[in-house]
Structure formats: structure tokens, C-alpha cells
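Same protein, same chain, two forms; see structure 1 and structure 2 below, as C-alpha cells.
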Structure 1
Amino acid sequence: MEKAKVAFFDFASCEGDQLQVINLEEDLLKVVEAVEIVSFREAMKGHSDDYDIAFVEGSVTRRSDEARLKEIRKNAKVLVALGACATLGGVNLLKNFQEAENVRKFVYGDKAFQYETYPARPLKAVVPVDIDIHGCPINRHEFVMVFKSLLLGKKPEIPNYPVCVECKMAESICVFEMGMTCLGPVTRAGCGACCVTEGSYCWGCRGLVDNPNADSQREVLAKYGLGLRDILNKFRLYSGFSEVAQ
């Protein structure tokens, strides 16, 4: 069987998702063996326009990006959006999410985009996207899963259940029990609830599940968030997020 040809591209982003791919280490070797990588700026020189699968990182922030993305779409049989910037749009401001200052910047920043001549947008606002690999950064295991699925001719099964499912399977203590709040109940799983298992909370980087119960989540946040210093920020983070998701 001829090896599938794979290319990586980046638009406005920190390239953290491509780094995740490089960080696959031993799995990366197997990935490299399984396919022919024709373009990957992070890891190699040289480039070719002959590819089957294009992984595209970053959001579209300039009009000139559009033409480039459309060209990629034309060449690729399968186009995969890699990471939250590509799948959801302007979340690339959200890098240091745990700092309230940046959270606020995200919320207001998203509004601020409206005044720019070209608001940042996810890939799917410009071209049809076949598969979204969510997350900021992406989850390496999910990347490998998607990769394998594509090689097998399968549509990867990206979860449509919330992070709480994986959080329970990982036997974490729900952070609501610890006096924190969490966006896990409305956020698409696939990361293994890693932020909670690592002692933090879910801030929703993988975007919403298909049919989130936003009203109930707001009520829950209000119920548990009372007395919390930055409840307002959390609210805005959440609603800002749903705007991006829509």
C-alpha cells in the first residue's frame, strides 16, 4: 500500500499543537513510518503540494490567509483542524488561561475583534473542515487516534460527551467539591479531564458538546460560585466561549 502523504500548516497560533505532535516521541517515529510527511515547518525543511491529509493549526486572522487555506483545501483529501485556534477561532489569546488578567483579555478581546477589519475566525468559517482535533493544546493521544483512524479509512470518533465522564473515569474529586468551579459539564471530552487530574479545573478549551445545557450550567456556576472572588470572570469566560463556539 502506498503511504499516505501528510502535510502540516500553521496560521495565527503559537504552534503549540505542532509541538505536541513533535513531543509524541516514540509514537512520532511510528507516525513518521506510517506516512510520508511532505511538509512540516516545525520539524523539517522542504515542502510539497502533493498531499492527502493536511493538518492545519491556527486561526484565520488576515484576508490573505483565506487564499492560502483554500489552496490547502483544494490539495488535501482530508483537512484536519488542529487545536482550539483552528477549531474555534480566536482563542489563541488564551494561552495563560489561569491568570485572571488574561482571562479578562480573552473575554473582552473577543469583543475587541469585532472592531478590527478582520476578526479572527476558525478554519471552518472559510473552508469545509473534515475533522476537528480540539484542545489548547491538543491531546497527543487524541491526535494519534485521529491519525490512525484516517489511515484506516475511518472517521475518528471524537467524543460528544462532556469532560465529567472522563473525570469520573479518572476518579478525580470534582472541583466543585473543592470550592472551585469548572466548565467540564458542558465541554467536549477527549482530553481525559487532564486539567482536573493535574489539580486544576476545566476551563473549556475543547469547546462545547453539541447540545450543552447552558442555562443549567450557569445556574450551577451561580450556586457554587457564590462567594468566589472572580465569579464574574468565570461567567464571562463561559459566555464568551459559547459565542466563539457558535
Structure 2
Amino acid sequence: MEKAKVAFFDFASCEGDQLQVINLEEDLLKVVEAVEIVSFREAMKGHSDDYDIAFVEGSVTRRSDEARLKEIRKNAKVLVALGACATLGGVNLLKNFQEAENVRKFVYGDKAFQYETYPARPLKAVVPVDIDIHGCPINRHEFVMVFKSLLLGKKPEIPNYPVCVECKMAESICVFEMGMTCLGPVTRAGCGACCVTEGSYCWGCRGLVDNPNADSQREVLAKYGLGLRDILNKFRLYSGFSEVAQ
């Protein structure tokens, strides 16, 4: 039986999600045995445009990126957005809330005119995306689950409930009780509430759950003396492309 051909690509990103795949170590060997990886710049030198599944990391930040992404989409039977920059637009979207020319000069100085850029956006703003693997970085165990589902022809079971559920399962103290502002009540779970259990708060890197309970979020904010603006600004860190952060 012919093995599925898999390729990894990246756009504007830190490439940390691909590193998470490499960090699978022994499990990665099992993945490699099940498929033929034809392109993976982080891990190999070879490249081929003949592939069935494309895992794409990063957000689109240049008009020229669109043509490349559309070509990847045309070649792939399945396109998977890998990580927050690809699924949501990620931290690259922060520049969208500032004057474009000021951002260009801040980053590139007097060479700004040499560099192409435009407002950042997630992959789905340019091409159809079949599956999202959320997170910053992704959970490598979730990656394996999605990978296996693809090979078996099944739909991956991506959590569609809030991070608060996982916080309760981990018996974590609600960070609102500790004077912090958290996006957990409306953010998609699947991370094991790792940020909260390690002493921080939910940053929203997995995006909003479908049909988030906005009324519940408002009630939580009101209970702790916080306003809507306190939470909207935090959404811009990862979900600046969504209507809620505009």
C-alpha cells in the first residue's frame, strides 16, 4: 500500500510548532514509518511538490505569500493549519493595530522600503483550511492524534469547550481570584490549562470556542470589577483577526 506523502511549510512564525513535531522523538519515528515525508525544512534537506497532506505553520504577512499558499493548497488533498499563527493569525497580528509605516520603520529602519509587508492574517483568510491544530506552541500529543485520524480517514476530535473545564479538572485556583485577567472562560481547551497550572493565566492562544458564552464572560468580569475593554485588548495578542478584537 502506498504511503501518504506529507509536507511541512512555514510562513511568518517562530517555527516553534515544527520544533514540537521534531520533539516527538520516538513517536516521530512511528510517524515517519507510517508516511513518506517529502518536505520538512526543519528536519531534512529534500523537497518535493508531490504531497497529499500539507502542514502549514505561520501567518500570511506579505501579498506574495498568497500565491505560494494557494499553490500549496492546490497540491494538497488536506491542508492543516499548524499553531496559533496559522489558525488565528497569532502575535503577528499585533502590527495590524498600529500604523503600517511606523511598524515598517521600527522593524527595518532606513531599509524599510526594501521589505514587502501588509496586514497579517491567518491561513483561512486566503485559502480553505481543512483542520486546525491550535496552540502556541501546539500540543505535540494533539498533533499525533490529528495525524493518526487523518491516516485513518477519521475526523479529529478537537475540544470545543472552555479552558475553565480543564482548570477545574486540574484543581487549579481561578486566576481571577488572584487578581489576574484570564481568557479561559471563552478559549478553546485542549492544552490541559498548562499556563494556569504553571502560575500564569490563559492567553487565548487556542482561539475562541464555537459560540462562546459572552454573557458568562461579562458576568465574570463584572464580579471582579473589570470592564469589557480589559479583556478585548488581551484578545488582540492572538485573535486580532477575529471580530471580537476589532
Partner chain sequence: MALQIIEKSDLAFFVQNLMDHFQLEGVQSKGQSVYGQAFFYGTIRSPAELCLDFDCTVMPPKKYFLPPQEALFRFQTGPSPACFECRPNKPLVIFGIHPYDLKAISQMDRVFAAGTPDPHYLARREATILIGIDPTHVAPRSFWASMEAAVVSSGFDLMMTDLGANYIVETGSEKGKALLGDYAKVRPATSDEVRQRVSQRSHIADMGQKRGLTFPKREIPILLQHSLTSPLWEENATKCLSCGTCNLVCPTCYCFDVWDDMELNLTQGQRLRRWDGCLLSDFARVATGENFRGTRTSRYRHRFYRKGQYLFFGILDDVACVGCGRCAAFCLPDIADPVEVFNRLKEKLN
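For residue numbers, the reference is structure 1: its sequence is counted from 1. Remember, predicted model here, so these are calculated numbers, not experimental data. We call the rigid core whatever largest set of C-alpha positions still superposes within 1.5 Å between the two forms.
Undergrad: Does structure 1 or structure 2 depict the form predicted in complex with its partner chain?
TA: Here the form predicted in complex with its partner chain corresponds to structure 1.
Undergrad: For Asp210, is the CA shift between structures 1 and 2 at least 2 Å following rigid-core superposition?
TA: Stays below the 2 Å threshold, so no.
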